[in-house]
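First, one chain by itself in structure tokens, the form predicted alone.
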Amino acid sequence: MEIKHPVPAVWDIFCKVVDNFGDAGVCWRLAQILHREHGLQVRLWLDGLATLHALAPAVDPAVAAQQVEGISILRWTADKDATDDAAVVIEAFGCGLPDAYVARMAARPRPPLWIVLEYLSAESWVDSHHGLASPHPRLPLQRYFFFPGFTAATGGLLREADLIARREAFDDEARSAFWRDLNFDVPAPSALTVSLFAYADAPVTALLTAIANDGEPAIVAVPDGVLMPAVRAFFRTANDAARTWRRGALEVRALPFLPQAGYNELLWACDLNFVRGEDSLVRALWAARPLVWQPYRQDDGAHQRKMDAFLQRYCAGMPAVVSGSFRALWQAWNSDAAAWNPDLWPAFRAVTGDLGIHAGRRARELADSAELAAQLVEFVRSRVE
């Protein structure tokens, strides 16, 4: 029988919030899984506790050090020196570590294992870069690069052990309760329900116009955030108190910003999900529903390469007519309003049934792969002497 080395119990995760929710969301989800499912002591160092509070309301943004769900959450500021007794240190998304912390790491008789958790990508080069070591330029330390991804050669995707079971238990009764708890009517079976979460530069007006002009009933749920000004402008209203607007067969519902658990249920409650960034994309994949993704726009065009690589993997096995409508809408959604034409939305809606079957198949395939937190634990275990 194979005897496995114990995994070091104390882990530090360092995260900086840039300008959105994804970095904090991924790190909080990772910390939860490491603690709940692997019994590890996790400290999350974060410079934006208000952002984490939106995702996990139990977090108090005014408290610099707190315990939430068994995880130590500490405000990371330039003048606060992090303690350095962790055996594993995760630097999330190239955020860097405090200089004094790194110096103490190097001075320890046995330095901690330093892992750089990278952004998710479906690009082929990720497979050959996952797990590579890179020496620190000045200190006797190694950094290992850990890439999430969609193949067995990468670190996989974050997934709670019970996530698929919870999604499958989310039946019609639970779906109805979800809408009632938000004080909305239960959508009619004939209405296509859509969740809309995107960056401010998304062509929201073009999408809502296309859905309204289509004539088929649709309910679009928009969590509170950067899209609300565009939604109000579309309906020509400045009424911040309104929560429902209608034009033709289109109904738009203004939802509160949902914590992570509530957002999962929103994805499960909808027939189609527009998502943005990394964490929402992964949650939409696990939801096993048709999806449209908006990667974070970058000046060098890296977002387009990421989207193209993902589409190449995701669309494998999709019938040509379905893939054509699917790809066309994705490309238009990640362009500007000038890229839209009146046929895009009807063509996409016509294949949502096929897309739902494909989404379910993709979710099952991904669930058969190793999960990211578990692979991270094994990666650490393999380097324990």
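Computed from a predicted structure; not experimentally measured. Note that residue numbering follows the sequence shown and begins at 1.
Absent from the display: the form predicted together with ligand TRH. The rest refers to it.
- Of the candidates L30, M318, V42, L55, L55 is the one whose heavy atoms come within 4.5 Å of ligand TRH in the model of the complex; the others do not.
- None of R159, R276, R289, R253 but one reaches within 4.5 angstroms of ligand TRH in the model of the complex through a heavy atom, and that residue is R276.
- With a 4.5 Å cutoff on heavy atoms, P259 counts as touching ligand TRH in the model of the complex.
- At the 4.5 Å threshold, heavy atoms of F184 stay clear of ligand TRH in the model of the complex, well away from it.
- None of the heavy atoms of F310 is located within 4.5 Å of ligand TRH in the model of the complex.
- Using a 4.5 angstroms threshold between heavy atoms, F21 counts as touching ligand TRH in the model of the complex.
- Proximity of Y119, Y199 and Y263 to ligand TRH in the model of the complex is complete: all three residues have a non-hydrogen atom within 4.5 angstroms.
- The stretch that touches ligand TRH in the model of the complex, counting heavy atoms within 4.5 Å, is 276-284, out of 149-157, 162-170, 184-192, 276-284.
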